[in-house]
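What follows is a single chain, given as structure tokens, in the form predicted alone.
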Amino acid sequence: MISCKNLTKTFGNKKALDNVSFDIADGSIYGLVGSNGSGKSTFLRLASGVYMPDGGEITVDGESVFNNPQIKGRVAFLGDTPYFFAQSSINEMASFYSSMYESFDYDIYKRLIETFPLDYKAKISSMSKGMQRQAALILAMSTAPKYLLLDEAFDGLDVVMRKVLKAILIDGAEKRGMTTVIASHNLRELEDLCDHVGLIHNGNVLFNDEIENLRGKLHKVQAAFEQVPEITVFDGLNVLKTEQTGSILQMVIRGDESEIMDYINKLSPLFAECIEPTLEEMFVFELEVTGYDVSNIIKE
């Protein structure tokens, strides 16, 4: 498990992380989302032992990561800008990784080389950004890490390779219990992949929960009426947000879907439907309820 308690990291006068506390369970695929500069990358560098905390602590399997080679051997970190030795090929980098990681698995490496269509003997510097990203993923995953930390994992990958990567990460979680933490600004990329998600903004974790706990709690309801009833009619429901366009009401309601629809249908609407919100919409609704200005938090 990755655990941080009162974790703080400061650069100059800016607190990149400010007294943050949360856990990431083993075997999960955890999405850490937030706008640029929110603190996502700083967290990954602390979790991988690249940075030393300025306050609080971050532990992996109960031990501090910084200056701990044994724990670092269980963690593979892929930053937003992969690094390779000058003029090196993927094969040459694999040889280096195998000398640094006792867990390096050439069987995994061979399977990944077959999966990603790259020339593993060519110089990595001659490859496109997307190909270099794929090369870095191959090397990181070939270390058979217990914890895989990815910063903007899908950056530079085409649609096909994104699907391939998602399948590999799910397979790693199911077969090896690998924990993956993906920092991203794009909620849509994580919606069908992660089982847990956290939202970080200005160095603070605003939201942290299982996606399944979010699903089924919030509903978007559209209903049309011949004559729109007074809003007080809906006091029997936990309505979080209401918008009216002509004779159509659009509401965000917390609760059981069947109970919500039974309640609304008793009001004799011309039509009524319940739409499952996207992960991004669920975040927006939850944050608006707690008083946050989401326009400054969730950005494309």
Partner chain sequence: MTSATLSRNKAGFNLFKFTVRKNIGIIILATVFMLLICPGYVFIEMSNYQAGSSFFSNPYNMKNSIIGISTVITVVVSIIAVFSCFVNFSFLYSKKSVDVYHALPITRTSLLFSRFFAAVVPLFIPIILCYGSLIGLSFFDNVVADIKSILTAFAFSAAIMLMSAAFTMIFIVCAGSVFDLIISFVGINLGAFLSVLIVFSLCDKYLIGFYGSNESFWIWHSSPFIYGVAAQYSVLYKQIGYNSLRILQTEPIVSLLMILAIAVVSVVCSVLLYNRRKSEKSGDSYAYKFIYYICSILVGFVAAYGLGMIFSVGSYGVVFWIFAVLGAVLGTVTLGGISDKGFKTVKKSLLFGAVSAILLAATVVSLKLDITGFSKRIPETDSIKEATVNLMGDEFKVNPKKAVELHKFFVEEAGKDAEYYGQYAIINYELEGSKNLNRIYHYDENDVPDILLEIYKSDERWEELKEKLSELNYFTVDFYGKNFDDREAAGVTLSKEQAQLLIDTYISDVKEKATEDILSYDDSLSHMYIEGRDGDGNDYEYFKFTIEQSFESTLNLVEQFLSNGGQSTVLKD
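Numbering follows the first chain given and starts at 1. This structure is a prediction, so every number in the text was calculated from the model and none was measured.
From this point on, the text means the form predicted in complex with its partner chain, which you will not see here.
Shown without its partner, this chain lists 114, 212, 102, 230 as candidates; in the predicted complex, only 102 has a non-hydrogen atom within 4.5 angstroms of its partner chain. 88 is the sole member of 88, 204, 186, 222 with a non-hydrogen atom within 4.5 Å of its partner chain in the predicted complex. Heavy atoms within 4.5 Å of its partner chain in the predicted complex map, among the stretches 28-36, 244-252, 44-52, 261-269, onto 44-52 alone.
Contact check for residue 72: a non-hydrogen atom falls within 4.5 Å of its partner chain in the predicted complex. The closest non-hydrogen atom of residue 147 lies beyond 4.5 Å of its partner chain in the predicted complex. Not displayed here, its partner chain is approached by residue 81 to within 4.5 Å at the level of heavy atoms in the predicted complex.
Proximity of residue 15 to its partner chain in the predicted complex: non-hydrogen atoms within 4.5 Å are absent; the residue sits far from the partner.
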